[in-house]
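Given as structure tokens, the chain that follows is alone and in the form predicted on its own.
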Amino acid sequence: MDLPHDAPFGVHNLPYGVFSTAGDPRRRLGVRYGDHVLDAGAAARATGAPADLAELLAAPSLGPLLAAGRPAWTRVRAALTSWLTDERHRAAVAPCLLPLADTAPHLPFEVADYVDFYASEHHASNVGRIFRPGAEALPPNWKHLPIGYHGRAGTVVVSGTDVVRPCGQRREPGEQAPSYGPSRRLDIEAEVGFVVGTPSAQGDRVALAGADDHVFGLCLLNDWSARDIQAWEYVPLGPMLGKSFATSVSAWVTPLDALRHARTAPPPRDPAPLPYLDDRAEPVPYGLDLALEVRLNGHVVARPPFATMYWTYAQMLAHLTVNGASLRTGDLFGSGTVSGPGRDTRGALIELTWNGEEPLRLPDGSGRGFLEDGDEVAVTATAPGPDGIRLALSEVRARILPARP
């Protein structure tokens, strides 16, 4: 099946996922190609691929391929490109291409550990002004290290999974004591998530230059946040129940190899980072020029630019392991909310509505300070590709269900 050179999910992209079909409930490794899914294991068998490569692609999840390391990632990508573009493989591969609409997505890898960072200076400054009025917007450590928290791997869900409104303790302004009930300030956080493939040994550290040997690729991520629960609980140890109820990720993971043309220099840092985070002499820039778009009930409410992020994924990974913490195959770390300098570039409702004080107006005439039951949020993104084309990152989408009794 031929696609135009500038197809957003064409041969220059080739993101990986896991799917099943109504006629065959087995979970299989797939590669998105236009509006189709290539059954990667079936294609490997049909083309007579080497046994080791075929074994990786016959797995029911991305785990074995992630663990195989960068030489295997490069080899598999080259094979997939050949199968989809070389006329010699056309007859063998054609039956392995299934309509995307006929497939059901699954979580593409087993999440080992989940860490969420706080890497946007614009987002951190806005939230600091909201949560700590009258104080410095950024805490004193913010420009010295990528701040983050350890999340809950077991509640990471694939795009399309409904999110139930969480319950917990919250204390409203002016109240002396907390109350219990459904969150009244349910929010989104439009982020980019990075997927670790190659593990590291406990006690070892991953240097900036080693990031691409460990990071397989990325996905879009929505770190749902109950702001009222979060505000009551986060002092002194940080987020817990306000974040742990759900984190949504894209069904398709874009490999780093597809994003060579999206590399860009990060913004200037002042003060200069400590040596293990100082990337000024690195030969490859680790910033990424990704253009995100946030839709609420189909209406675009923000266009956050990832290129403005203060800390890069390489710095996040270096800091995550600087104390000797080990990486595991399937580790996921998020960038934190992606926000830019303008109001229409803010990736969370708490910023877009200034904690509900300036509600959004939707085309149907309704307003939103925070999410209501039935609301649907979708985050999409594009990235520069070769010859000026734009590659698409798979969306992350979910609908809010009412709290359960």
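Residue numbers here begin at 1 and follow the sequence given. Note that this is a predicted model, so its numbers are computed, not measured.
Keep in mind that the form predicted in complex with a further copy of the same chain is not shown, yet the notes after this line are about it.
For the three residues Val111, Glu233 and His319, a heavy atom within 4.5 Å of a further copy of the same chain turns up in the predicted complex in every case. Screening 90-98, 249-257, 68-76, 142-150 for residues having heavy atoms within 4.5 Å of a further copy of the same chain in the predicted complex returns a single hit, 142-150.
For Leu327, a non-hydrogen atom is located within 4.5 Å of a further copy of the same chain in the predicted complex, even though that partner is not displayed.
In the predicted complex, at least one heavy atom of Ala177 sits within 4.5 Å of a heavy atom of a further copy of the same chain. Contact check for Arg132: a heavy atom falls within 4.5 Å of a further copy of the same chain in the predicted complex. Among residues of the shown chain, Asp204 is one whose heavy atoms approach a further copy of the same chain to within 4.5 Å in the predicted complex. Think of it this way: in the predicted complex, a further copy of the same chain has a heavy atom of just one of Met240, Ala307, Ala209, Val300 within 4.5 Å, and the residue is Met240. Checked against a further copy of the same chain in the predicted complex, the candidates Leu80, Leu296, Leu288, Val115 yield a single residue with a heavy atom inside 4.5 Å, and that residue is Val115. Contacts with a further copy of the same chain in the predicted complex, taken as any heavy atom within 4.5 Å, map within 368-405 to Arg404, Pro405.
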